[in-house]
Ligand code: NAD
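Heads up, the chain below is alone and in the form predicted on its own; it's given as structure tokens.
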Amino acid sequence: MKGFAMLGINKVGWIEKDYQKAGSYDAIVRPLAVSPCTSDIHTVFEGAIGDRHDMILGHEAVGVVVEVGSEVKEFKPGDRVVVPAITPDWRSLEVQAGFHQHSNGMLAGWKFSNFKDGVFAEYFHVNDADMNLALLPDEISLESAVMITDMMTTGFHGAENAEIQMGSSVAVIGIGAVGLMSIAGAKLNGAGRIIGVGSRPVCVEAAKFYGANDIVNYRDGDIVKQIMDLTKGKGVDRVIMAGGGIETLAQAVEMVKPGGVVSNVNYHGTGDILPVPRLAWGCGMAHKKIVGGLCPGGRLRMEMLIDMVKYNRVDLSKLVTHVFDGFENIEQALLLMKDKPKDLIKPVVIIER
């Protein structure tokens, strides 16, 4: 089968690989739509998780089941499915501990394009199909459905980990697709004032659509000062980090109130240390909580998010700004995510409708 792969750090290309077989509990899926992610860019062009050779990229896909193992009960060939970016091993102690994302090791629920071939292929393998696939309703478009697999679940996780209370003020740093979903998640969780931090006009417009009351542009100066000015020196109750560099954690700690929460869902692809400012953290005693989390995956999570889209709680169409038709356009879409033109939020490649 053909796939688009990481050949090495800073190297991508098309390769041929053997077609995989489904184990007893697994499935083989043919992609209908895929989307490249900023995580793919960190992986390939920053070497964020180390060198990978001939590893097929991609972890955002919806598809059609072509083969199932003998023990799969809930899915059959021909089913259209949403495939989460995170596909845990559900028979692991970490699942019992409540952290399925880290089943059998830290971040090991993230298999696609981490240590296993991803979804940018003519066919791809899904472990534990009954627990890691969800049926795709006909009324949800492929473009929106592929946003559920990572962008929606990740952004919402940022809001969940922020422990937002009714009326909490929230700053969301980074208003790409994940940040936009963090804004939507914050609103759904009862936030009061929501401040988005970003610069691209298309993202600013979408941020306001999803619930941002104010926009801070980092090009206009220090974002901590801007947010402190907006809040009359008080800061915000919660900060969600959905973008930024190694300096962003320090900025988040500075702008959050004592007793507040900094929630990170950003993939930090460079640097060895994320510094925390001592005084802004109250010399370690300010009750400022810092939490980072990999997005939830699995069937139940996907089914819950699917219902939120199906029943009009969230409109995902604003996330998709570029649509390509044809498997061969995966490379073009990936490089678009690398270059990030001003009119881009997320590209989707439609392979088959």
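Owing to the predicted nature of the structure, the values given are computational and were not obtained by experimental measurement. Counting begins at 1, following the sequence as shown.
Below: the form predicted in complex with this ligand, not depicted.
Student: Three residues, T38, V197 and G293; all within 4.5 Å of this ligand in the model of the complex via heavy atoms?
Tutor: Every residue of the spot touches this ligand in the model of the complex.
Student: So this ligand isn't shown here. In the model of the complex, which residue out of A177, A206, V81, L142 has a non-hydrogen atom within 4.5 Å of it?
Tutor: It is A177.
Student: This ligand isn't shown here, but in the model of the complex which of W90, Y123, Y218, W281 has a heavy atom within 4.5 Å of it?
Tutor: Looking at the other structure, the residue within range turns out to be Y218.
Student: Given that the partner is absent here, does A22 sit within 4.5 Å of this ligand in the model of the complex, heavy atoms only?
Tutor: Flag for A22 set to no.
Student: Quick one: is R52 in contact with this ligand in the model of the complex, heavy atoms, 4.5 Å cut-off?
Tutor: Contact check for R52: no, nothing within 4.5 Å of this ligand in the model of the complex.
Student: May I ask you to check whether A242 falls inside a 4.5 Å heavy atom distance of this ligand in the model of the complex?
Tutor: So A242 counts as contacting this ligand.
Student: Contact with this ligand in the model of the complex for F99, defined as at least one heavy atom pair within 4.5 Å: yes or no?
Tutor: Answer no; every heavy atom of F99 is more than 4.5 Å from this ligand in the model of the complex.
Student: Please identify, from 231-239, 147-155, 163-171, 206-214, the stretch that has a heavy atom within 4.5 Å of this ligand in the model of the complex.
Tutor: Result of the contact check: 147-155.
Student: Note that this ligand is not shown here; using its position in the model of the complex, name the residues of 251-267 with a heavy atom within 4.5 Å of it, in sequence order.
Tutor: Heavy-atom contacts within 4.5 Å come from V265, N266, Y267.
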